[in-house]
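The chain that follows stands alone, in the form predicted alone, written as structure tokens.
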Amino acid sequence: MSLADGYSAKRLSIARMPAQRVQTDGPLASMLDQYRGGTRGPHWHSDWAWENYEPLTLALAQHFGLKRLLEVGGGRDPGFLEIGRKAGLEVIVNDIDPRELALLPPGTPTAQFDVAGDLRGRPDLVEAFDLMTARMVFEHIHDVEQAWKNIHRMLRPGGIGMAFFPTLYSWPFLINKLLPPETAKAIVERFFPNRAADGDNPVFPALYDWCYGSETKLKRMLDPIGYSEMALLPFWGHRYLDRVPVARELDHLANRASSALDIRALTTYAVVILRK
């Protein structure tokens, strides 16, 4: 049972929660409103984001007629390879590290490049994709502004770029940012064995460049790039205290209050969706 299932709708009313709002009034906003209206809440909690990110991505592809999907930073364990193919999409897996891509099943379509790098020498990437998606990748990118510029260049007109990432200044990620990388890595591997170097989701250094849940902050960086529509879905809550009952409940109450007051400095995760 998820945390979202453990609380009654009466206690966790979502009627005025900020995750119900989007940044634009165009086709993207309308589609997101329709999608959320058909899902179970609480919509402010990060459980919703984890449960719905992949279905939402596929729903966006279907709604806007997007066919060619690039999973940014998919590495050895992409999330869309199988479900994307079943949905009729052409799925290409990207990673900066060719060693990660080498761990994929033989014959998997791949594209090895740094999404935040200098791609002027890659004309093959210009308007090459309909949909570019990144889950738990942007916190590791050294220049997120350049990444969004590159994504804009790689998207076809009407294409969508989206990213799901942890945000500052939620305490788990603030601590992770402040700790020495090796210490942070050891702590994560201690609590999540699958994050070990030989697991299916190894730990990489986290930088948190432009990882915020605030439209105001992100628009300063994104507006000049030229996207036609933007939606930001903020979320609060996490699973790091699941084994500590009292602390877990106190932390949940703090996150619930932060969401009700729309305190964007304390979001835990955000999903940013941009349409070219």
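Start at 1 and count along the sequence shown; that's the residue number. Owing to the predicted nature of the structure, the values given are computational and were not obtained by experimental measurement.
Quick note: we don't show the form predicted in complex with a small molecule, though the next part is all about it.
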query	finding
Y169, heavy atom within 4.5 angstroms of the small molecule in the predicted complex	no
4.5 Å heavy atom contact, G74 and the small molecule in the predicted complex	yes
Heavy atom of I187 within 4.5 Å of the small molecule in the predicted complex	no
Distance check, E100 to the small molecule in the predicted complex, heavy atom within 4.5 Å	yes
Option touching the small molecule, based on a heavy atom within 4.5 Å in the predicted complex, out of L131, I141, A163, M154	I141
Stretch in contact in the predicted complex with the small molecule, which is absent here, among 29 to 37, 211 to 219, 66 to 74, 233 to 241 (heavy atoms within 4.5 Å)	66 to 74
